[in-house]
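Take a look at this one chain, the form predicted alone, written out in structure tokens.
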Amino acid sequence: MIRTTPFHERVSAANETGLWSHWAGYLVAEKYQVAEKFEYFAIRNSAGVFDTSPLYKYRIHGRDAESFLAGVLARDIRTCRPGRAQYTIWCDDRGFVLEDGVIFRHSTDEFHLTAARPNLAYLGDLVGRRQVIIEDVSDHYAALAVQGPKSREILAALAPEVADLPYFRLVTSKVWDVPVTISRTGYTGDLGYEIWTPADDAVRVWDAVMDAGAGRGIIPFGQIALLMARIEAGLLLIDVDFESSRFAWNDHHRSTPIELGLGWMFRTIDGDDRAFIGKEAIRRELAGGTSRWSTVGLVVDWEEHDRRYRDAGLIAPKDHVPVPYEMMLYDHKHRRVGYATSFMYSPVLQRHVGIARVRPKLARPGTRVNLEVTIDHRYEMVGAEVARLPLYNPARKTA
């Protein structure tokens, strides 16, 4: 049975297109307006709200909660103080990524972990004799992302504490009289926040945010606009940029953190006294330089791209909707050297851009590769350059 989120009453009324998709068993809006680009520009120029309630949410608490998470999560939770959040991953014994998520630390022994896929049974099987309780609180809380350059002033009008909230920090507050937690997090690569509210009060929180945003250009945005923003921001998406090792058919469909560009999590691995799952495999990969791939940004040579289409008597497409398939990459000798996992035309950068995997020796920014495109039902090569992620990184995101 397809479920609806606690915000559905407002989401449904705002969805002028009637276009929906499914996320974790919930009905979610693909786009609210005919032009999803309008919603995208709200994220980049003013503010947008996104219903992120379908995320799985786990409350992890108890005397041994920190030590438990230190052994499960690849990133050291001990460096995350109360009132802070961390982007993190968890791996299998072979060092392949199972999933990523954000963990919020509320106190010494209480955490909340978000995930795109169900993980309750997996985490529960690892508890053993530790004094840890893991609860699935997904149905108890709704989550509303408020993203864009005007998000701070909108939320500060409701909760003054937000005005000085640093990046990846959280604060308890009230929106009207509803108790909420507000975190400076999001999935757009822009200035943004997420409001975590009791599910029963979700509609009131939505109304409060929209009232505060009146006259500031705030609108709801759907899945398409979110996916556009996250590609520019270089943010990975499960089942698109990587697959969970738990469900992958073979190692070609598995990825290590180093191959996903997450090596920054392990800069001090030799001095890390934790025995987290996958540590030894990750250490061996770093020491031996055995990574199969590097995850990079990709920027297409627009002049060559347009010329290829003009020579065929066509107008070069500038499609901002992310493509739902991989696109192959080749070197100058036409040897396959990688593939783009995410690809689109960026309205802000005005270039075709993507997230890609290339052989490590080609990962240096500025390296030339060739992207395979289809013109007149034939494969053609268009030049592109490897770039550093994120491709779009405004200072306001962390300022």
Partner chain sequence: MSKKHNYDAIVVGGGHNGLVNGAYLAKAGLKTLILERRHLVGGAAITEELLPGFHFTTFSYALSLLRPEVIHELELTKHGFMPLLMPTSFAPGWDGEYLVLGKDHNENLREIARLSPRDADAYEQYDHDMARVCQAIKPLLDTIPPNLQSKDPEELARLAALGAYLRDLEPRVLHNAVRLLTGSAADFLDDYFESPLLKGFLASSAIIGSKLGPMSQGSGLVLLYHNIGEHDGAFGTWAFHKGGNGGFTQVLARAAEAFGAEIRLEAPVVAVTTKNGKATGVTLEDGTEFDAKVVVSALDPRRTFLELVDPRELPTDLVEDIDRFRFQGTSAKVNFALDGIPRFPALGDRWDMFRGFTNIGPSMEYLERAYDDAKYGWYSARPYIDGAVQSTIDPDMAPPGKHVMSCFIQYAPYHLRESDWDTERDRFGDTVQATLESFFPGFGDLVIHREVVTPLDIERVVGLSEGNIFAGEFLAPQMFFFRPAPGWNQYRTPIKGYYQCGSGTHPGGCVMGAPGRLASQQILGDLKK
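Residue numbers count along the first chain shown, from 1. Every value quoted in this text rests on a predicted model; they were computed, and no experiment measured them.
Note that the form predicted together with the partner chain isn't included here; everything after this is about it.
Only one of 351, 359, 57, 61 lies close to the partner chain in the predicted bound form, with a heavy atom inside 4.5 Å, and it is 351. Taking a 4.5 Å heavy atom cutoff to the partner chain in the predicted bound form, the contact residue among 78, 117, 274, 318 is 318. Within this chain, residue 310 lines the site of the partner chain in the predicted bound form, having a heavy atom no more than 4.5 Å away. Using a 4.5 Å cutoff between non-hydrogen atoms, residue 217 counts as a contact of the partner chain in the predicted bound form.
Proximity of residue 323 to the partner chain in the predicted bound form falls outside the 4.5 Å heavy atom cutoff. In the predicted bound form, the partner chain lies within 4.5 Å of some heavy atom of residue 347. Picking from 336 to 344, 368 to 376, 37 to 45, 61 to 69 the stretch near the partner chain in the predicted bound form, with a 4.5 Å limit on heavy atoms, gives 37 to 45. Scanning 379 to 399 for heavy atoms within 4.5 Å of the partner chain in the predicted bound form gives just one residue, 392.
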